[in-house]
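Here we start with a single chain on its own, the form predicted on its own, put down as structure tokens.
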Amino acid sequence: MRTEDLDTPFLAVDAGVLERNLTDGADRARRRGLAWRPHAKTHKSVAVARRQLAHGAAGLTLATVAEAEVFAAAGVDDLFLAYPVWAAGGRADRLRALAGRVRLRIGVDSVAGADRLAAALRGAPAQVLVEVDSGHHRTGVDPGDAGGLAARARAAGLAVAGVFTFPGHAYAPGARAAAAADEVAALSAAAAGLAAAGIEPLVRSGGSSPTEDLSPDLPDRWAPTESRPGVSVFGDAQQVELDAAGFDRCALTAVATVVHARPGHAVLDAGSKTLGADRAPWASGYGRLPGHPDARVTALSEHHATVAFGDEPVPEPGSRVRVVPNHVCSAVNLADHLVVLSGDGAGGDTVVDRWPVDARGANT
């Protein structure tokens, strides 16, 4: 079967580009002496996770208990919930059950959250990592407060294994290097705080796709031990526009049909329900077309994407084009399955497999 035999729109994965991304991701972590724990919220796919583990991943990072349950059921036995999980109600029972099945680490960033988690786990064999804010200002405590929180978590009965952060402020033009330095400095300061409180910070976990290839020269006994990139498994238009990847590293594209054309513009059948609607303030559009690098997706409706082609020839109605979503994680979560294409790494259109998006909608 070839792609022209399938109705559009659909999400396609080039197996050759994916394989290259997996190999390079594992190699980057290995060169830096880091454990590689990719974030599976990007792909939500057991098939992709198994390939990551085969390439040497130490385990998976996840955002929700439901995601963790999906991958645990598939046999992945080393999971980190990089999120300050509020362990109340049914979620508490699910966490405790999960901790009895897999090696589980869970994020905490408050005394209240730690107390709630300790009550939920009731001594189940899970570890916690204290989340610190390295500059993204979303969740996490100030690095200087990490030792105090770790001590309170330990007093509540939790096994504290270390610290983690997310340098999300790298998602801005020209910010990658500074965010990478902030990440290392925050982890180091937080780890020193744990050590001062008598807790060995064995795990110092960081990483993001924009920063995973950057290694600030900050010699310190508390350097990072683990990297958690997510998006780089597939790439997306944000990574291209941040100069963190090229189109040649975008393994996932939406295959769409031109349904309307006029001078300078075309409309595709892949709207926000296929591409997702994310657009950072600095992004040049709602997606990019690798075959038309000067084109921009300028507007989205649920089932329409308006593309401005500028001076380029506009594809005729019925033509098929490929679109790289702005934020691949959001696009994948809208799909039931991914169409896997022949691994020639050059946009081959032979369909070789379909992978379910196993953790689609696993948001609890």
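Since we're looking at a predicted model, the values are computed, not measured. When you see a residue number, it is the position in the sequence shown, counting from 1.
Beyond what is shown, the protein has a form predicted together with another copy of the chain; the following relates to that form.
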Could you work out which of Ala189, Leu202, Val259, Ala175 is the residue within 4.5 angstroms of another copy of the chain in the model of the complex, going by heavy atoms?
Val259
To verify the annotation, which of these, Gly162, Pro143, Pro229, Pro84, has a non-hydrogen atom within 4.5 Å of another copy of the chain in the model of the complex?
Pro84
Check Arg138 for me: does it contact another copy of the chain in the model of the complex (non-hydrogen atoms, 4.5 angstroms)?
yes
Would you please decide whether Arg296 lies within 4.5 angstroms of another copy of the chain in the model of the complex, comparing each non-hydrogen atom pair?
no
When the contact criterion is heavy atoms within 4.5 Å, does Gln239 count as touching another copy of the chain in the model of the complex?
no
Does any heavy atom of Arg322 come within 4.5 Å of a heavy atom of another copy of the chain in the model of the complex?
no
Among 261-269, 203-211, 190-198, 220-228, the region lying within 4.5 Å of another copy of the chain in the model of the complex by heavy atom distance:
261-269
Need the contact residues for 79-100: heavy atom within 4.5 Å of another copy of the chain in the model of the complex, sequence order, or none if there are none.
Tyr83, Pro84, Trp86, Ala88, Gly89, Gly90, Arg91, Arg94
